[in-house]
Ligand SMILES: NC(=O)C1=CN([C@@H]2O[C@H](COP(=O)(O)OP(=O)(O)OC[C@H]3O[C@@H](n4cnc5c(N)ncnc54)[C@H](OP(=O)(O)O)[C@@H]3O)[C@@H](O)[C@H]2O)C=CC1
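First, one chain by itself: the form predicted on its own, in structure tokens.
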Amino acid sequence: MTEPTPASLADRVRDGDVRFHELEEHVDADTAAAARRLLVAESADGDVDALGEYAFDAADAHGSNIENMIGAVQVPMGVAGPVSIDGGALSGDRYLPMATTEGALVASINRGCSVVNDAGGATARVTKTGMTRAPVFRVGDVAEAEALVAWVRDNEATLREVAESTTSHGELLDVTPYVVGNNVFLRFRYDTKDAMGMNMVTIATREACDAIEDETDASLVALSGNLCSDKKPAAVNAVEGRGRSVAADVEVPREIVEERLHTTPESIAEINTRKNLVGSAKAGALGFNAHVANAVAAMFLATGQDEAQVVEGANAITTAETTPEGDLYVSVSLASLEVGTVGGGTGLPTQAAGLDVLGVRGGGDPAGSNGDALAEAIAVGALAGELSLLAALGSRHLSSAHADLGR
């Protein structure tokens, strides 16, 4: 029998003999992607051949990372650093992998890394861990709501046993109830070790919800009630954290600020207060920072993270102040950085290479240490980016840097 070609498969889709999303059931994943490219190019009247250039195994990506695959988008990757990091899980000099199409970004963060090194390196620590899922239940009235809350508090050990029966790695840390009329939200928080863990906690929470419905009068309305809160700006994540809460800081001597950054500690501190704090407050922002999303997004793409979770990852506060000795103290605190070094996109070859650049690929020993290390690296990247941009504003070099590098 003659092997199907992309053209013959495309003909079968046009004829209605094969569905567009079922091509992998008839041929290998690469041929299926090629057939879809033909169909898409025909529909769009455009050239999509460049999407067929990729270095990973399409069969590995199909079903686990992508559906209806037609190819891949290539994003340039650079590195900033190496930067000296004193972390709870990551220590030493590390290059920071960054995938981006924004000119000047890597150069700016690289400048920040250089200044951090001159200052003796950055300190970083993960201060809280816990991936959340918050189902919403319907009850009869507030009396039943209170009864459900009481039941959950009395039976948290049972819920922990049920939830953890679905996973060999995840641990249920706590369940926090929130009542709004006849709605009860239960915010389950888990330690997912080195996995980002959304699939893990969703499956575990579903099992716990079944137990709640079996033992109470509550009815599950939605497994996610948006109090989690995933891929949306939310104050609950800024206050309570989600994924990993991580902070990084550095103290830069005055002479380095003046010689390397061409400004002063006082100027940077004032800009941070008036821009990042007052300006963000006036804007009603959840994040009080200059451009933390830049470092988070670039390192997310480089290491196979869920790019939509940049929304929460950029939920950060930057502080800057002059020390009693006249030096500059700068910190960045990211409240809800959701990262993992196993699962999801981390297994794709180029993303795995990004993790290898940091030395954090796969599961850590002890479990969770690689995820912590990745979070610390991203926090230091964000710190370097904040320092560099604040200094560019202080020296009034921002527009010239973009003119030179942001073509």
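Numbering starts at 1 and runs along the sequence shown. Please read these numbers as outputs of a predicted model, since none were measured by experiment.
Heads up, the form predicted in complex with the ligand isn't pictured, but that's what we're talking about next.
Undergrad: What stretch, of 247-255, 92-100, 322-330, 188-196, brings heavy atoms to within 4.5 Å of the ligand in the model of the complex?
TA: Result of the contact check: 188-196.
Undergrad: Non-hydrogen atoms within 4.5 angstroms of the ligand in the model of the complex: do Met200, Asp306 and Val342 all have one?
TA: All three within 4.5 Å in the model of the complex.
Undergrad: So in the model of the complex, does Lys231 come within 4.5 Å of the ligand, heavy atom to heavy atom?
TA: The answer is yes: Lys231 has a heavy atom within 4.5 Å of the ligand.
Undergrad: Give a yes/no on whether Ala367 approaches the ligand to within 4.5 Å in the model of the complex, heavy atoms considered.
TA: Because a heavy atom of Ala367 falls inside 4.5 Å of the ligand in the model of the complex, the answer is yes.
Undergrad: Taking heavy atoms only, is Arg160 within 4.5 angstroms of the ligand in the model of the complex?
TA: No, no contact at 4.5 Å.
Undergrad: With a cut-off of 4.5 Å between heavy atoms, is Arg125 one of the residues that contacts the ligand in the model of the complex?
TA: Because no heavy atom of Arg125 falls inside 4.5 Å of the ligand in the model of the complex, the answer is no.
Undergrad: Exactly one of Thr264, Thr176, Thr167, Asn117 has a non-hydrogen atom within 4.5 Å of the ligand in the model of the complex; which residue is it?
TA: The option sitting close enough to the partner is Thr167.
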